[in-house]
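Quick setup: one chain, the form predicted on its own, written in structure tokens, and binding and motion questions come after.
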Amino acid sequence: MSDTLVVDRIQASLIRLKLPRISEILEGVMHAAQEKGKSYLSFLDELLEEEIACREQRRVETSLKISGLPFAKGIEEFDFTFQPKLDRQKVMSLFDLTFIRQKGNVIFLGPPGVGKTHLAVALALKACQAGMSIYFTTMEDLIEKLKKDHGAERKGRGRGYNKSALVIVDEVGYTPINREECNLFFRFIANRYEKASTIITSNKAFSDWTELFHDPVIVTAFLDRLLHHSVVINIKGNSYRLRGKIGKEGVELSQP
């Protein structure tokens, strides 16, 4: 049997086995291997590595697409020099993802524009690349989802905001919630307690949460669970979105 017929049979088998990346690169890798005198094992290893890398890229792209992330920015894009009071070592230590493996939480506190969401998204990207499921939602959207699912037969148990290894709840505290919504948020926190990790971003100090959520008893209860296994990072600084405008056009910011 000629080499051409053998390659055709291999290509047909690759299609049947659903190995598209190997099918694409087979002849190029084969010729390169012949020219460089690579062993059969090295040739096979290179093909399989390419197929795995391609599948992993597709998995990450699909996960990010359904995660709800508002943008995709890694930690390398975060400007620590603009927030000199931020403990860089404390932030970077989170990126070994130990807190997720230990079912812990992270809370980013600070005024608008200081990079809370960016850091949360960067952690989610890292988790996704490590094969963990992620889910992003704002507090407002989460409350609407919880209200919609409340009383339903499944009660949201299969939803991304419950089953994902890491859930980000952004903008907690930007809008007040009523007593019923507060109860739903407590159940959400309680359901994930010591089972999965949650990242919270908020522009309110914990001392202001009682006023925000109206019920001090429930606030104490969900803070007890949220903070039990958690890392709290308080960012004090100016808004990234106002860079280049401070001192111009009448914009002035007081230093913290």
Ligand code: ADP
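Treat the numbers as computed from the prediction; the structure is a model and nothing was measured. A residue's number is simply how far along the shown sequence it sits, counting from 1.
The form predicted together with adenosine-5'-diphosphate (ADP) exists for this protein as well; it is not shown, and the discussion that follows is about that form.
Chemist: Among 75 to 83, 140 to 148, 182 to 190, 123 to 131, which stretch sits within 4.5 Å of adenosine-5'-diphosphate (ADP) in the predicted complex, heavy atoms only?
Modeler: Looking at the other structure, the answer is 75 to 83.
Chemist: Go through Leu166, Val91, Val114, Val169 and name the one with a heavy atom inside 4.5 Å of adenosine-5'-diphosphate (ADP) in the predicted complex.
Modeler: Going through each option in turn, the one that passes is Val114.
Chemist: Is there a heavy atom of Lys103 no more than 4.5 Å from a heavy atom of adenosine-5'-diphosphate (ADP) in the predicted complex?
Modeler: Contact check for Lys103: no, nothing within 4.5 Å of adenosine-5'-diphosphate (ADP) in the predicted complex.
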